[in-house]
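Next up is one chain by itself, shown in C-alpha cells, the form predicted on its own.
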Amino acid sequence: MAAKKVLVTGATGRTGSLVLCKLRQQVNEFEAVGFARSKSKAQELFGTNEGFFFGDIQDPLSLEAAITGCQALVILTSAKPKMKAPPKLGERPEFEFELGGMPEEVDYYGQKNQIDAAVEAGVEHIVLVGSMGGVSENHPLNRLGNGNILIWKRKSEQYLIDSGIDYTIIRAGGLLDQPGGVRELIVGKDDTFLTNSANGIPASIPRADVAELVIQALREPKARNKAFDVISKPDDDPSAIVTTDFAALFAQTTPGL
C-alpha cells in the first residue's frame, strides 16, 4: 500500500515541527510534506528545505501547490500574540499581533483558505489542532491584543465541520515542553476541564503527546468526525495508566463542536 501523503502547515512551529518529525519517522506509512513561511527557520530546524513548500496561508495559490496530491492535511497554524514591552512594576503586560497576523486573519481566514484548498484538492481527512477555551467569549485569551483568538478558532472549527471533509479537531490544554508517552490522556468536551469537573488535574498536556495524537488520528477510523478537548494526568500521578490504546481513547469522543 502506498504511503499516505500528508501536508503539515505550521510545520516550523513548536508543535508542528514535532508532528512533521514523527510523520517522517514512519516512512512506510506516511509521506510528510511541510508548509511554512520561513526557509531559514526550516533549514535551522530540519537541516534541509527538502520536502517543504513555502508560502502564506493567506495566499490560496501557495496552498494549492502544496496540497496537490495529498490525502490528509494537518493544520497547526495559529496567530501568536507578542508582548508590546516589558511591563512596569505593578502593571499587567500588554500584547499585540503582527501586521497581518490578527486571529481573524490567521485563525479564521487562514484556516478557511486551507480547508477550501483541501476540498478543491480532494483531501480525505483534516486534523485541526486548536485550543480549549472557545466556549466562553469572556476567556482571558480573547482579550490579548483585542484579538478574540479563541472565538475565531471556534469559527474555523465549525467551518471545517461544515466542509464535508472528514475531520478530527483536537483542542489541547496548556502545552508543556515535557516528554510524551508517559502520561494518561483524558478527553472531554465543552471546556469542562477548565472547571472543577477536572478533579484538580491541571488543564495541560505535553506537546509531544499532542503530536502523537495527531499521528494516531491519521491512523484510527474512530478519530474521524470527532472534536474533543484533551489534557493529561501529571506524570507522577500514582493512579495514572499511560495511554497506549488510542482507538479506545478516540471511542470516547463525539462528533460536532
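Being a predicted model, the structure only gives us computed values, none of them experimental. Residue indices: 1-based, along the sequence shown.
Another form, the form predicted in complex with a small molecule, is not on view; read the next lines as being about it.
The stretch among 187-195, 55-63, 218-226, 23-31 whose residues place heavy atoms within 4.5 Å of the small molecule in the predicted complex is 55-63. Although the partner is absent from the chain shown here, G13, T77 and G130 each have a heavy atom within 4.5 Å of the small molecule in the predicted complex. Shown without its partner, this chain lists A172, I169, A117, A72 as candidates; in the predicted complex, only A172 has a non-hydrogen atom within 4.5 angstroms of the small molecule. Under a 4.5 angstroms non-hydrogen atom cutoff, the small molecule in the predicted complex has V106 among its neighbouring residues. When contacts are judged by a 4.5 Å heavy atom cut-off, K153 counts as touching the small molecule in the predicted complex.
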